[in-house]
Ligand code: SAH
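The chain that follows stands alone, in the form predicted on its own, written as structure tokens.
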């Protein structure tokens, strides 16, 4: 006999059975859900079976420090906090102060408050603050916030991780829409941008799982950070002039992207008769070229990956995440090139024509290619005539970079 065709009623029944068998809710969890409903919060918290999964995973890896992006009323925070030892700590980030306060009340009712810190405010600002404060790395990161910023949250999560950290991203399948390109839906595009970052990052082992249940059709992505530095920032103390040039190149592009962070969509995509045509397109070209040359410098059998200049519209923060990855790849390619000898020549095909370049020449090209494009970006920013942006263009000379890296 064929099994019944899955439907929402069946998914609900199975979830309730799993909850009864494996994840029975106590009074504190039930009260948390009731408080969220009474406050008019959207019903987007994880289901009990998913909360139990988070707890089990945290216990399985022996997590002592957990970071959660997206608190809501604290339901998933309670599950996660219960996996921690007495001296463990969960840091959870919530945009809305009222929701953060409600979460604190629910967490206190569950008697896990001593192990939980709820931080109210913009998640990106809070993550930046954690990084600036040189917070010790987290063992597990749970990202359950707006999909538009998935790539940005992942970038911060990696910087706050260590080799072996597990990162879980919820709501990644988006009822199957994750496979749709060019939807114009920022939430879909945000997840796809994150997937692109994951696919390009050699540090990450990742798996995606589609799920059905009381929350409908969705899924999650789970990642393990590999044995390499958790941050992709360029080295502060380059070993030679070429390293300095490569590090300055990435830093300068990063500064221009940060100058674009507050632009609205119209300014970010405004067409100019300069270079590739807009700030978005020009900065995408700079970062895309870094990926292409990293592949070429490593040479066969490594293939040149598809270009990120594929028409996808990315926010400045998403390009920042890709830039950090590209800079790390260029640095690694440069190290391998030195072992082979910078005078080594490779055959490279550009626009259908074959050329022969030295590894040193290609790396020097990478280090200098972005300079005139960044000048184009500064010209565009100036012509936008936006107070606080056009009149505060970043100083991105190499000596400015040295001053910002005094060690």
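Values in this document were obtained by computation on a predicted structure and should not be read as measured data. Numbering follows the first chain given and starts at 1.
One more form of this protein, predicted together with S-adenosyl-L-homocysteine, exists but is not displayed; see below.
S-adenosyl-L-homocysteine is not drawn, but in the model of the complex it has a heavy atom within 4.5 Å of residue 71. Taking the partner from elsewhere, residue 94 is found to have a heavy atom lying within 4.5 Å of S-adenosyl-L-homocysteine in the model of the complex. Within this chain, residue 367 is remote from the site of S-adenosyl-L-homocysteine in the model of the complex, having no heavy atom within 4.5 Å. In the model of the complex, none of the heavy atoms of residue 104 sits within 4.5 Å of a heavy atom of S-adenosyl-L-homocysteine. Contact check at 4.5 Å (heavy atoms) against S-adenosyl-L-homocysteine in the model of the complex: none of 293, 336 and 349 pass. Interface residue among 66, 381, 363, 45, judged by heavy atoms within 4.5 Å of S-adenosyl-L-homocysteine in the model of the complex: 45. With the partner removed from view, the residue among 121, 85, 311, 176 that has a non-hydrogen atom within 4.5 Å of S-adenosyl-L-homocysteine in the model of the complex turns out to be 121. Of the candidate stretches 148-156, 242-250, 276-284, 316-324, only 148-156 contains residues with a heavy atom within 4.5 Å of S-adenosyl-L-homocysteine in the model of the complex.
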